[in-house]
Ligand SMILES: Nc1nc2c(c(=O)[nH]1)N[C@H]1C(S)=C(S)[C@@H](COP(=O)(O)O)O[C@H]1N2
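Given next, in structure tokens, is a single chain: the form predicted on its own.
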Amino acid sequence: MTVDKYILDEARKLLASRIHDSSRRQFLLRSLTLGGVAMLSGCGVSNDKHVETALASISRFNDQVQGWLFDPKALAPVYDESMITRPFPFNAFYGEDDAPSVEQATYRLEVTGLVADKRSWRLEELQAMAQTDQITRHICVEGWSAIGRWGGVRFSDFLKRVGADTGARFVGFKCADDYYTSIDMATALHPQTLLALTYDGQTLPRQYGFPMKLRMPTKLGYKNPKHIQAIFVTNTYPGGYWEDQGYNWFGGS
């Protein structure tokens, strides 16, 4: 039996009873990761093509499992103002000085796909919508975390305003820094998912994503796009900058 077939067979056995027991749930989450590939197969991870195939298969399966386990009503922890990390770390695939500069006067947010209202939005129109804020933890896939205060529009409110098809599978994002990513609709509608326009009570700084970023405390950092220029709703899998290079697509934290 090949490594990838063995891994998937074992994972499906674990799922057979719908994972009601918390200890088995945690075991499944551990096993459906890079480290779990070696644990389940009894093999070391190498450049062998069978292992690469296994990693791709288990990554896709891991995305499905995380989607099944995601609770759209469960809230990520929130923190006191005294716990905010200052300064909040810069995080991108380029240096801080290379963060894009977007002109507010000419900025327009493009909205396309499975939505009723496809008009573009000025930043002032988004600022005029009901605002909320949260102090939550950003968790980076590289192993560090930081707590910050983000303010803006609940993304579910925005999707409702533009008449998005909330039965669609994906919401995608294109950014001024050539970054792109996509998320599942359940996360898009989560009450803590924000179109963030401010950081720590001030207009969102350039290095943190001006004019807006998507802030999702239920997702790892690389799933939180900055400098958003376009949003689209679709049933066609859109991929993502890091996801197309092998990162898990669901990216739950």
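Just count from 1 along the sequence shown to find any residue number. Everything quoted here is computed from the prediction, not taken from an experiment.
Omitted here: the form predicted together with the ligand. The next part is about that form.
- Of the residues 115, 123, 175, 135, just one reaches the ligand in the predicted bound form with a heavy atom at 4.5 Å or closer; this is 175.
- Site residues 79, 151 and 193 are none of them in contact with the ligand in the predicted bound form, judged by any heavy atom within 4.5 Å.
- Residues placing heavy atoms within 4.5 Å of the ligand in the predicted bound form fall in a single listed stretch, namely 92-100, out of 92-100, 125-133, 159-167, 106-114.
- The ligand in the predicted bound form comes within 4.5 Å of a heavy atom belonging to residue 225.
- Within this chain, residue 198 is remote from the site of the ligand in the predicted bound form, having no heavy atom within 4.5 Å.
- At the 4.5 Å threshold, heavy atoms of residue 207 reach the ligand in the predicted bound form.
- Interface membership of residue 75, defined by any non-hydrogen atom within 4.5 Å of the ligand in the predicted bound form, is ruled out.
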